[in-house]
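Have a look below at one chain only, the form predicted alone, in structure tokens format.
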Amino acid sequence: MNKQAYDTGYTSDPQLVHLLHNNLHSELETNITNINRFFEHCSDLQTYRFKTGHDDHVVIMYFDGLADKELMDTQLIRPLKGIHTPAHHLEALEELTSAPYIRTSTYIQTIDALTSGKPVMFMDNLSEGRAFQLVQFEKRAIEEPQAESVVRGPREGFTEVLSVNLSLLRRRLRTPALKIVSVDVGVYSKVTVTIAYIEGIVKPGIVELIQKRLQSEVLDGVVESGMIEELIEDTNYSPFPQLQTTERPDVAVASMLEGRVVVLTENTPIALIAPTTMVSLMQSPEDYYQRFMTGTFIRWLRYLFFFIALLAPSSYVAILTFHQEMLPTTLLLRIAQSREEIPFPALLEALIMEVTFEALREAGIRLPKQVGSAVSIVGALVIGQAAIQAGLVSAPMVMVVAITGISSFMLPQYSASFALRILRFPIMILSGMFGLFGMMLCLLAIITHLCGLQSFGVPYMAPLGPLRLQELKDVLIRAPFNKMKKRPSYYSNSNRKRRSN
């Protein structure tokens, strides 16, 4: 097998390798035969033959389900059947059809056009093809994002169609400064990945860095933006996401106005935003749609429950195992009474409950909606009164795990909550082994890791580390908009003023 042909994703036949970059033949049948050789055993490739009014032979090749057959008929086939001049006088084609097209002169260009859904027309005595922009395939309507719902705010979300997603951005940013750079990724999938940014605001070098990382790795195919995320992030060996994800065009636009870059991948509604900081993962779009005092209150509530989600089970295990003196006597006696019949130590009890909770959560997500209620009922029995009565877990532990679970749902970024779910276990184990000392040791290791982490050259803990006091007005509080006159310096250092006055 020819390695070059295999790597390009076009053919595994060594005899066809050299044909790929050859020019199209002037004989119509030779072109059709050669193209059919590339698409052998592809029953969805259609070939439509007809004659023009001048008796010239014309062939249109297209993939069933990708090309718009109705438009092909009205804008291409019927007008051509009606002409009585030589068809190779293609200057007349512009007068016949309003459908935009591109010329293909080589086999590889023709194959690319066909696989992207464009019907390609061939004529006798013409060594080029015409690929028409008559593409139509089934697509989902614009709907409200399921994972980022808000009470107040736009109801539009990205879809799987890249052109629709770009139009949603263009509709909100009516400026030529909005730039779109495209890169094809995947040897076989050839998925278009676009990088959207505002020229003059974005930090120099970030767009080029993303392009370089996209082009440096070779993948067979890209089916979701998560693969692109792993391809371009700074390090794969961190539980914390180094790119923010969103399904909301308003969040993408707000990020670009700060100087960040939005990466959109074809066939997925999830956009990536870079660079990303820990602070940005804790912010919700609704923080900016509510009054600033409401936004600040909710933000602080989120910070509080972030630590509860990370440390609540560990603190319970550490205090109950090593530091009972920290609890009021009455509370300690009640907890001891509830644990009288529990055969497991607090650490094992916590691990059983957390693993069970994670299993129920995963089952609830993966199962069809019709049986989702059954999982809820079983979950309520497992993490509830039945488990307590069976003597497997104590009532206080059920409360701790339930509060932890609810707290983790408060994080606006789903990918960030994954980091908490993973880190909760080592903290819990160290707390069970060494008490609060072990918990603090693990916490220090996490903070050290976060302080050393970067996202496209931006410190992950910015603006808390290194400390930038002026930029804390959008971190600890959500200041009124008339007080936030400058963009964060770690995102944009060339054009920091948000407005002219």
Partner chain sequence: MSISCRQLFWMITSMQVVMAILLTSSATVRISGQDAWISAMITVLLGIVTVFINVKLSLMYPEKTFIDFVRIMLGPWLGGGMVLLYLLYWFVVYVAILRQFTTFMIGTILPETPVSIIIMLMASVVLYSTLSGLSVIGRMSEFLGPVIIAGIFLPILLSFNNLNAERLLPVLKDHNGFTLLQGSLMGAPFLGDCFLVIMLISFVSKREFVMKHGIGGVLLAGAGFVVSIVATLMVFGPNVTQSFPYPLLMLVRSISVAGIIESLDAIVVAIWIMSIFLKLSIYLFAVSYGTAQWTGTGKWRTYAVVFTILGLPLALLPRNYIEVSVFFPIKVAVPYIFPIIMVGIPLLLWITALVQRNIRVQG
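Positions refer to the first chain, counted from 1. Quick caveat, the model's predicted, so the values are computed rather than measured.
Heads up, the form predicted together with the partner chain isn't pictured, but that's what we're talking about next.
J.: If the criterion is a non-hydrogen atom within 4.5 angstroms, does every one of Ala254, Pro412 and Phe425 touch the partner chain in the predicted bound form?
T.: Not one of the three qualifies.
J.: Quick check on this chain: which one of Ser26, Thr448, Gln46, Asn36 has a heavy atom within 4.5 Å of the partner chain in the predicted bound form?
T.: In short, Thr448.
J.: Taking the partner chain as it sits in the predicted bound form, is Leu348 near enough to touch it, meaning that at least one heavy atom pair lies within 4.5 angstroms?
T.: Outside the cut-off, so no.
J.: Could you confirm whether Lys212 comes within 4.5 Å of the partner chain in the predicted bound form, counting heavy atoms only?
T.: No, Lys212 stays farther than 4.5 Å from the partner chain in the predicted bound form.
J.: Is there a heavy atom of His323 lying 4.5 Å or less from a heavy atom of the partner chain in the predicted bound form?
T.: Judged by the heavy-atom cut-off of 4.5 Å, His323 is in contact with the partner chain in the predicted bound form.
J.: Just to confirm, Phe434 within 4.5 Å of the partner chain in the predicted bound form by heavy atoms?
T.: Close contact exists here: in the predicted bound form, Phe434 approaches the partner chain to within 4.5 Å, heavy atoms only.
J.: Which one of these stretches, 50-58, 63-71, 37-45, 459-467, sits within 4.5 Å of the partner chain in the predicted bound form when only heavy atoms are counted?
T.: Going through the listed ranges, the match is 459-467.
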